[in-house]
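One chain comes next, on its own, written as structure tokens: the form predicted alone.
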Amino acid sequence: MQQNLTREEKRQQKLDVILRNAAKAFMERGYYKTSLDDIASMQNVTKPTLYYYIKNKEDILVKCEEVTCGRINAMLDEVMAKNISGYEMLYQFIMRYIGIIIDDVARCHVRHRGQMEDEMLRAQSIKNHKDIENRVREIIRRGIGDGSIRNCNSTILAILLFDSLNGLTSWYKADGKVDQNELTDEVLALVGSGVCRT
């Protein structure tokens, strides 16, 4: 199968590996303590070769964000297109969001979101997050409108949800004592008892 890949597909595969290894290193060692030399060493390539895939270290954060936001928005497109109640949309969003953000690339994005040194990149990073937050607020408003979510302030609920869910990235580990299913079930039970209109 590998030989049937196009040049661009092979490049994307290699970039995915670079992002995953770099993201893991940033999470374990810290962004500022991880150099491009370290990242090149992980790939067994020279730094000039690394520049074929990324512009600089900050570009890794940008690309991690592009991957993560792309996955979240694609998921929201699917969830919001369904003919279901606002609460069911919110339930599915939370369930699938957890599966996205516990990935190393997404964890790196959540941890370093809005921390780019370049002012334009930082502003774009903040906008990307606000756009996603606004989509979740729309889900909440739909739920309030159809009576499936109790009457509440959609902004407060969305911010609380993102703060709680994104907080998982600082402690959850796939090889830890809590597995993904248990984590998801507990979060959904807590959210359900708090927002579902019974």
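The numbering used is simple: start at 1 and walk along the sequence shown. Remember, predicted model here, so these are calculated numbers, not experimental data.
One more form of this protein exists, namely the form predicted together with a further copy of the same chain; it is left out here, but the text below deals with it.
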Review point. Is Gly70 close to a further copy of the same chain in the predicted bound form, meaning a heavy atom pair under 4.5 Å apart or at it?
Key: no
Review point. Can Asp77 be called a contact residue for a further copy of the same chain in the predicted bound form at 4.5 Å between heavy atoms?
Key: no
Exercise for review: Determine whether any heavy atom of Ser164 comes within 4.5 Å of a heavy atom of a further copy of the same chain in the predicted bound form, and answer yes or no.
Suggested key: yes
Check your understanding: How about Val187: is it within 4.5 Å of a further copy of the same chain in the predicted bound form, going by heavy atoms?
Key -> yes
Exercise for review: May I ask whether Lys55, Cys64 and Gly176 all come within 4.5 angstroms of a further copy of the same chain in the predicted bound form, judged by heavy atoms?
Suggested key: no
Practice item. Could you run down 149 to 166 and flag each residue that has a heavy atom within 4.5 Å of a further copy of the same chain in the predicted bound form? Key: Ile149, Arg150, Cys152, Asn153, Ile156, Leu157, Ile159, Leu160, Asp163, Ser164
